[in-house]
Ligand SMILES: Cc1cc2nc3c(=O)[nH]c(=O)nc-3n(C[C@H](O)[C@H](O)[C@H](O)COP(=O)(O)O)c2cc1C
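Read the single chain below, which is given as structure tokens and is the form predicted alone.
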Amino acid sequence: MKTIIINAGPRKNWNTDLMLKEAQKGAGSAGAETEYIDLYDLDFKGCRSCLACKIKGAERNKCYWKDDLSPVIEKILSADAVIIGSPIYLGEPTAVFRALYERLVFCILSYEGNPYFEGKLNVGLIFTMNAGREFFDETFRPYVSNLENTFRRFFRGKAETVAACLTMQVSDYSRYSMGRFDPEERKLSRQEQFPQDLAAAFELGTGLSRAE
């Protein structure tokens, strides 16, 4: 088993990164070989609609644009599982998450029938947000469900999500103009809820990386 861990967040050693590293530990505990990739360390853009992946006779399941993301896509499509994590900014995943999603799905999409990809890839999604669980359940969940359904359709494997809500944005709120947030509420969530979120991320990595 090979599991690729993708960090689509910019802040290392913080919420999304910590969740993903727990997922990586979970994957390793299931016996999977793992690789961790920070998208913000790479130079790339979203799909340019060059349509090279749709040319007759071209090798399928391949993004032909030459940048740092192309080999990452090849690694994902040759793995058994991928776990992608992103913080939520302005109610949406990061721009690099969207760029990866565009390029990964489009290069296997066929305009003539079933997706080009004939393998099976389990997909895990991890989202971190300073909004509460109510926002996730009532507002963001439909977006997540659509992502999961797309991944199940195109990759024929599991698609599961773990979300950490009411996260702590900074270690010292007194240094920032963030008056709408209650620092004590955030600290309490960090102490009591975030360990449970980390445990859920570990289980996500374990479940998606276990040989069937």
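Just count from 1 along the sequence shown to find any residue number. Since the structure is predicted, the reported quantities are computational estimates derived from the model, not experimental observations.
What comes next is about the form predicted together with the named molecule, which does not appear here.
Using a 4.5 angstroms heavy atom cutoff to the named molecule in the predicted complex, none of A81, N122 and A159 count as contacting. Contact check for P71: no non-hydrogen atom falls within 4.5 Å of the named molecule in the predicted complex. Looking at N61, you'd find every heavy atom of it more than 4.5 angstroms from the named molecule in the predicted complex.
Mapping the unseen interface onto this chain, T34 falls outside it, with no heavy atom inside 4.5 Å of the named molecule in the predicted complex. Although the partner is absent from this view, F202 stays clear of the named molecule in the predicted complex, with no non-hydrogen atom inside 4.5 angstroms. Checking 71-79, 129-137, 96-104, 112-120 against the named molecule in the predicted complex, the stretch whose residues place heavy atoms within 4.5 Å of it is 129-137. Applying a 4.5 Å heavy atom cutoff to the named molecule in the predicted complex picks out no residue from 28-64.
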